[in-house]
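Listed next as structure tokens is one chain, alone, in the form predicted alone.
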């Protein structure tokens, strides 16, 4: 399948690097200021080298990628809230051209799910977004395979917050110390607000709620608490009782909640480091646990390219 990749961060670059292994051709790639377009397939190595050296991907305007002759648009620009722009406009442009869309960007399906589905209904294209929930973990495809059986979901859905809580518990360190360590290691962003305030996990839960309940949810519908104000003493007290604390997102009974929760120290939700886990409650299969890497360029790109493989041929 011919792909246009919009967004040249870690995920977009990894899609460009790995697409050939999955049998696909990237015919266009764009970052925020430039684009490279070649109907025969862009030279991935050259584009990636140019991005490293000059922070550009080509000599064309970004709009050229959206106008290219592709089969599926990979939308991997940064997640934005509210109107979810420019990601939503990219989705609309592709669907109006009867192209497929694969999202790594959470914004359009967390903040404007109904609008996306309306555009999809009027298009010959399809929209898939496995990578927007849990990185490499096949959460949404599992939900789809269970064909309406899933009644609720919960899990640890942010690797940065989980790394911080894991280190605080294991070493008895304070939040600020561990956050600085996470930033030095590249686990946390320079501005970690999205992660430590619970916004990232909440967006993923909102997407799950939209899928499970047929839409109608945005971030404004989620009750969200983060970990920035969690004292180390809380983890020490939890350990005395054989428990620990994780930032847990929950989708159940029509509600979305994210916040620090006490969990058994050796329980299923007590994943360590940057690992994520999702538990799905089902009508007939009981509780299913799916765990793995919830972020990272190659990991998330694997989910994007799995979605590409699920798309119907054009």
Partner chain sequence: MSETGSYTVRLELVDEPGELLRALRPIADNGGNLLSIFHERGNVTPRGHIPVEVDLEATPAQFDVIVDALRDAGVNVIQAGAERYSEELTVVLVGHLVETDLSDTLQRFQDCGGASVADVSLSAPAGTDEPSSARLRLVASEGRSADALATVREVAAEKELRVVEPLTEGSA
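Residue numbers count along the first chain shown, from 1. Predicted, not measured: the structure shown is a model, and the values here were computed from it.
This protein has a second form, the form predicted in complex with the partner chain, left out of what is shown; the following refers to that one.
Student: Is it the case that residue 261, even though its partner is missing from this view, gets within 4.5 Å of the partner chain in the model of the complex, heavy atoms only?
Tutor: Residue-level check for residue 261: yes, a contact with the partner chain.
Student: Within a 4.5 Å heavy atom cut-off, is residue 275 in contact with the partner chain in the model of the complex?
Tutor: Output for residue 275 is no: heavy atoms all beyond 4.5 Å of the partner chain.
Student: Is there any non-hydrogen atom of residue 50 lying within 4.5 Å of the partner chain in the model of the complex?
Tutor: No, no contact at 4.5 Å.
Student: Although the partner chain is absent from this view, report whether residue 269 comes within 4.5 Å of it in the model of the complex, heavy atoms only.
Tutor: Judged by the heavy-atom cut-off of 4.5 Å, residue 269 is in contact with the partner chain in the model of the complex.
Student: So which of 89, 149, 233, 193 reaches within 4.5 angstroms of the partner chain in the model of the complex, heavy atom to heavy atom?
Tutor: In short, 233.
Student: Identify, from the list 182, 209, 227, 143, the residue with a heavy atom within 4.5 Å of the partner chain in the model of the complex.
Tutor: None of the other options qualify; the answer is 227.
Student: Just one stretch in 24-32, 38-46, 250-258, 60-68 has heavy atoms within 4.5 Å of the partner chain in the model of the complex, so which one is it?
Tutor: Of the options, only 250-258 has residues within 4.5 Å of the partner.
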